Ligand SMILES: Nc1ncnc2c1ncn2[C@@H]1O[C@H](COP(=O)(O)OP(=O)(O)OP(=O)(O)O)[C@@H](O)[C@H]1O
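Take a look at this one chain, the form predicted alone, written out in structure tokens.
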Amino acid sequence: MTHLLEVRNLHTHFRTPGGGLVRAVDGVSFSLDRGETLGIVGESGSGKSVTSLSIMRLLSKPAGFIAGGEIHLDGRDLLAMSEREMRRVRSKEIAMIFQDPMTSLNPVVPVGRQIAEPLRVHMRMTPRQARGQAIELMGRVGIPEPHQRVDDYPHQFSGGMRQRVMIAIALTCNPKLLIADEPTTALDVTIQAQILELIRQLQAELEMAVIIITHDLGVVAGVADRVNVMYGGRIVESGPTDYIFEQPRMPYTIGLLRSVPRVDDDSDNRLVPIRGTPPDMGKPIVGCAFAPRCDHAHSRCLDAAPTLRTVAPDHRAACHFDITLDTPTTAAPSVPAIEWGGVSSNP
């Protein structure tokens, strides 16, 4: 069966003013089926948002460019399309909810006109038809009194309501794939739950596939069917959500889970932060990118980068060793203090 979306060995780079090269996405591959929800998690700078922008072909040029790989939607290679062809795909087949609705919405244009624009461009609606549909969409995403608020400006909406406007814009043309990039950032916990439930309901109603990009593991726990964990521009663990949360097999994923507070934990276990900082993607990385921060690193980790290997059915992890949640977190004394990409192995 053909997947709705297939990303194969994607490499996305950015040129720096000094003539350097930042390898923001370094060989990412994954697939997504119709109606499926995929969570992509990882720290800031791991390549999550750049992966989504690469799929949409919205990289800032000439600095950003796709250096290699393939992106297929319904069997069509998006990278082989002209810019004119790609404009027909955006909104109509792939839509995106961007991170910050305040900066993504035009502050001097009423929200109703911003929602109506894709309808006029892609659906060939008249201004009156598009306005009526915009009002209907505003009500559909839970904005009260849409007839009165259709002519309001973004600054007249709360953060949660602005995010609902962004969702309405994304859903104008009933896309096959919705990419939600940090859809709950800077929102109250109760509003976060409402936004996630809204996306879930609309997905079931429209039978669309969803990619949720976040640094918050709690966000994907209740909504994603599968999870890709990214670090250093690569996928380091991939599998069903239950496997990732109950049986993580990559030290970075284990570190993320141990640093998240749990309301169902009655013990006095303290949170264990991941020491160090993510690698500098503008410098060459030899071996495992997570080795400088890993409590299980051995000399082998410094020489060769691990590949994704199958550790359970439909569950893959990029680690040379068989690490589980029960493995002691004592650093191997045989590993020398190393430094690459601006990251030291010392705490």
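One rule holds for the numbers: they count along the sequence shown, beginning at 1. None of the values given here were measured: they were computed from a predicted structure.
Missing here is the form predicted together with the ligand; even so, the following discussion is about that form.
Here is the short version: of 307, 299, 310, 60, the single residue with a heavy atom within 4.5 Å of the ligand in the predicted complex is 60. With the partner omitted here, the residue from 39, 278, 47, 287 that has a non-hydrogen atom within 4.5 angstroms of the ligand in the predicted complex is 47. Residue contact check for residue 325: none of its heavy atoms lie within 4.5 Å of the ligand in the predicted complex. In the predicted complex, at least one heavy atom of residue 24 sits within 4.5 Å of the ligand. Contact check for residue 33: no non-hydrogen atom falls within 4.5 Å of the ligand in the predicted complex. Taking the partner from the other structure, the ligand in the predicted complex has a heavy atom within 4.5 Å of a heavy atom of residue 43. Of the candidate stretches 311-319, 290-298, 47-55, 65-73, only 47-55 has residues with heavy atoms within 4.5 Å of the ligand in the predicted complex.
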